[in-house]
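Starting off, we have a lone chain in the form predicted on its own, written out as structure tokens.
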Amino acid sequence: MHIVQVVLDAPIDKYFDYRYQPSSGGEGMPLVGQLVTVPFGRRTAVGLVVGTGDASDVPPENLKDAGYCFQEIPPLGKAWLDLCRFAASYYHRTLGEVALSVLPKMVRQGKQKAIGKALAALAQEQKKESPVPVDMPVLNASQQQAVETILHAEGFFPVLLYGVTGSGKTEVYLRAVAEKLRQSPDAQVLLMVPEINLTPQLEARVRARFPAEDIAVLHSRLSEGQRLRNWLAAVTGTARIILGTRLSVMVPAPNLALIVVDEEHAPSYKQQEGLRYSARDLSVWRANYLKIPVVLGSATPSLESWHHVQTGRYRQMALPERAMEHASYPAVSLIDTSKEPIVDGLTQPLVEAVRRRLAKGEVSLLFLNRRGFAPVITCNACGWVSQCHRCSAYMVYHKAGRLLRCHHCGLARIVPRHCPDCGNLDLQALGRGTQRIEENIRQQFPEARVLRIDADSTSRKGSLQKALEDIYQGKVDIVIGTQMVAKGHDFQNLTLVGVLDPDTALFSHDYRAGERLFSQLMQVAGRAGRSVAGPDANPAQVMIQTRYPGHPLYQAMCQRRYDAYVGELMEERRIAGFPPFGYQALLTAEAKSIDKAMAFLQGAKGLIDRQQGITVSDAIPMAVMRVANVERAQLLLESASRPALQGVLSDWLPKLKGLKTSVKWQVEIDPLSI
């Protein structure tokens, strides 16, 4: 009797035994790492084989027969299974939840015809023509040293590639990738980016550099058919270059020789739903397991990675200068808004600077990380504000269509003609979003070609790429944008960046806010002066409107001293015991009433038996307490010891799972915001 042990995509931490009958065609026993269909309750599910044998502890009369074995998909490999086991253990999920959830939807659903069709298409694809030689830029000394260091590394070798914006980090990646592929005909490389919006630009550059290679692109905006095809190309080894966002870290590529994590500091590497893993951290674990190099690139490294450099765990390679000829790092100046009045979002010095760039035929970028026309509408007579009745947040005014929209739950409604409370007809828009800045700029500079890039203006498929192409082709004079344009783009002839309202992050309750703001400002500043058209162009410039020009963050920006500012942050974190000097887990609860959520958390706190070495805070409502009529609260666990925290969680979580409650709860390890 053939027995297969299977795990399923379910919060059940156990293996399920099934009897397997070889097919009449001589199909043999499934191997560990293969996928099979099995009956589970009233449905047929796809399971992952994690063990095989000739006997089972389950009585023979209770065993059910496994169905189809996906022999056409190669076994997913011990290395990948061990990655899933580690993620399941560290993030306290079941192996089935981890391993099955990261597979393409068509594989999880057992779509045999779709899988067969995709594999047939891969097999029939023509071998690509010999590559056309590509002109490669000459590396400077720092770039050359970084490439050689990566390539001469033996075994596990984590490198923090710390380079200013425009220093040519991508070129270092591509040279290292080319050499790894040359060294072995089967080698694969994984190149990760934090944002879907950055993928097309990097993809075009990678395809141009490696025209003979099959490149598997993986991100959440692909169609299910595209994701299946690219996943299979990676699994079978057909694709030697895998380019993707955080989900690509879990692709079962059998021959990985190098992992690159671009913009390693980006919060988007942390999954915020379901299995809340850090793709950056799993990349480092995977490289360690495989004994291969991993390159973490950033102009503003995360404090965790910076700490690893300081303690000797990572090797740092610096790229201190911009790579392109004639490209200069912009001078940063501060506009004190306590002395220079803001009119419609802009101070006069910034307006004049835009005017000078426009006269020279150069491009300006105005950065405001707040979409919509205004954050809130209010009645001056009685104080009414546009509060979302489903969330503890305000509804943002979008002038197009005269809509109020909640950016938390998506609720939209028409702007009232009068105050709902007192009937006053004079409702005022308070604050400014990108739409309001765009309106002002068009009035100030009617002759300019103005383009706004945010989530609203690029909601249609292909609209973002069209907008970016217009900038690349010189069809735009003034760009107004959110963080969508802050990183990863080489805009031609962009010489001025104006930052409009960064101060709110200085007073956030989130202890990571300063780190994120500095990173954001460095990234958007880096768009200026990367490639300047002609020797007569003005020196690149960044102008930041702030009421607090003496703040250490802004002073460090002016001096381009990330190391100085990060030193202050590290000392603050050390004193407070925050990461990277401490470890955290966050239990969140959602219920119809805040009292019920809080009561659950207080009860959960009482179930913690072993508290030695950890600190458990009191339950508190979340910063945005209500979203879509669901009340939310949280409980924070902290420790200076990762093993101590993990030990408490291992004892505690089974007790929570045993509770009968209507409260929806989850635990996040290493939360990015609390």
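Residues carry their position along the shown sequence, with the first being 1. From a predicted model like this one, the values you see are computed outputs, not experimental measurements.
Quick note: we don't show the form predicted in complex with adenosine-5'-diphosphate (ADP), though the next part is all about it.
Out of 505-513, 470-478, 447-455, 159-167, where are the residues with a heavy atom within 4.5 Å of adenosine-5'-diphosphate (ADP) in the model of the complex?
Within 4.5 Å of the partner lies stretch 159-167.
Considering non-hydrogen atoms and a 4.5 Å limit, which listed residue (E203, E195, E439, E171) is close to adenosine-5'-diphosphate (ADP) in the model of the complex?
Only one option qualifies, and that one is E171.
Looking at L275, M324, V415, A178, which is the one with a non-hydrogen atom within 4.5 Å of adenosine-5'-diphosphate (ADP) in the model of the complex?
Of L275, M324, V415, A178, the residue with a heavy atom within 4.5 Å of adenosine-5'-diphosphate (ADP) in the model of the complex is M324.
Taking any heavy atom pair closer than or equal to 4.5 Å as contact, tell me whether T482 reaches adenosine-5'-diphosphate (ADP) in the model of the complex.
T482: no, not in contact with adenosine-5'-diphosphate (ADP) in the model of the complex.
Might N140 be said to contact adenosine-5'-diphosphate (ADP) in the model of the complex, defining contact as any heavy atom within 4.5 Å?
Close contact exists here: in the model of the complex, N140 approaches adenosine-5'-diphosphate (ADP) to within 4.5 Å, heavy atoms only.
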